[in-house]
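For reference, the chain that follows is the form predicted on its own, supplied as structure tokens.
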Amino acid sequence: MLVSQSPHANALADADAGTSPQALLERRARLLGPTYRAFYRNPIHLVRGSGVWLYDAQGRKFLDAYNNVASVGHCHPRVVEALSGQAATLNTHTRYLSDIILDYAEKLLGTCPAHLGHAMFTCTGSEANDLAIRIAQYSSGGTGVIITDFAYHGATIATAQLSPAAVGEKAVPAQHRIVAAPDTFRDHGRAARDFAKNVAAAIDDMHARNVRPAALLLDSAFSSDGIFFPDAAVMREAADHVRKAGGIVISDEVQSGFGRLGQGMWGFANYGIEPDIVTLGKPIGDGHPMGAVLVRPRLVASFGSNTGYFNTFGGNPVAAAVGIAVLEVIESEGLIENARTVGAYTAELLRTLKGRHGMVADVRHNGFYFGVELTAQGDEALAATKTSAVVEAMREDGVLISSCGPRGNVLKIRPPLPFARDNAEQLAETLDRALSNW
């Protein structure tokens, strides 16, 4: 059942449609300042979303193959109904007792390994990673965190300093350590094979400089590093090194979790790792501002007693209602299985492009997460330029993707979970046309 738009919403869309893109850009710069950057040379003025589609002010629809935040599809009727119904009833914070918040925590923890016994709620993935770092440093007594060399983990002070993709390696504080991402493509996959060894070396270097290890913080899909899925045994070995050094393993599932990788609910399960802490962000609410930290109870026993944690609207009743609805949609619509099967079909279509276009060097995929590496005869700058041009051409042809990686030469494709076979075919056909321009 579709939820019809209210006359007020239609009036707002009509008003939006009358505003020129240039006027919006000028107003945006005046009101929001210079740090907000729009996607694409020709920014899109969006006014509506539905399922895997986004619509601009002129009524043109775009296939969304990028926005994982709308995990179960834009404006899913069941999620909208849950949000509006609870918002019309009560929204307050966790200092009061509430059945629905506990119902959500119970249902969310029920999707995880049994050792993750507590859920702590936030409003964003950045807050979740920030809290996870606090818990890890408190429980381990250490300060040093190991990250990959082009990771992104958030926008707070603590998480931005652990996000070389955002601030550069030089802005990462001295107590932390950066290791090469497990690149399965470049140099015949040497960085992927050496990942555990590199983590061990980082720990040794911490000890040599009197830094106590606190945590290994990893995104299960290495989303900003270029999208890699390394060997499970190497990942387990890396986790073992950290635990033997007294540190905590944190799995950042903001981008890679919630069924996206098609093998189950969580990306870390692909490696057979049992993380001590798992962090989640807005995809758990289909875009509603939500986040969570799932944690071993022993890690927060002392932390909770001596330090405590309170987030005024993290885990509020509206967020809980939305979170429950998203979990129910994933289950009732078979979206994890859809990510597995349609993801495999999409990857097959993308790999056919490798034979048609010499610049397609590698296609990496797991479920609904794809990295398409483009090359240009060893010219990294040219490869990045071509990648950007392909993303722009796709936008003009009605399909939205982006790029990632330290060289900017990897097409980043991560559609909402209801993405269907005909959507995959449109994606591949559009990418074929974009690549044919080079």
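Small disclaimer: the values here were computed from a predicted structure and weren't measured. In case it trips you up, residue 1 is the first one in the sequence shown, and so on.
Keep in mind that the form predicted in complex with another copy of the chain is not shown, yet the notes after this line are about it.
- The stretch in contact with another copy of the chain in the predicted bound form, judged by heavy atoms within 4.5 Å, is 129-137, chosen from 193-201, 129-137, 271-279, 179-187.
- Candidate site formed by L25, L90 and G304: every one of these residues places a non-hydrogen atom within 4.5 angstroms of another copy of the chain in the predicted bound form.
- Residue P289 is the only one of G142, G264, P113, P289 with a heavy atom lying within 4.5 Å of another copy of the chain in the predicted bound form.
- With the partner removed from view, the residue among V242, L350, A119, V329 that has a non-hydrogen atom within 4.5 Å of another copy of the chain in the predicted bound form turns out to be A119.
- Taking the partner from elsewhere, A208 is found to have every heavy atom lying beyond 4.5 Å of another copy of the chain in the predicted bound form.
- Although the partner is absent here, A105 is a contact residue: one of its heavy atoms lies within 4.5 angstroms of another copy of the chain in the predicted bound form.
- Contact check for T341: no non-hydrogen atom falls within 4.5 Å of another copy of the chain in the predicted bound form.
- Contact annotation for T124: at least one heavy atom lies within 4.5 Å of another copy of the chain in the predicted bound form.
- Along 155-176, residues A155, T156, I157, A158, A160, A166, V167 each place a heavy atom within 4.5 Å of another copy of the chain in the predicted bound form.
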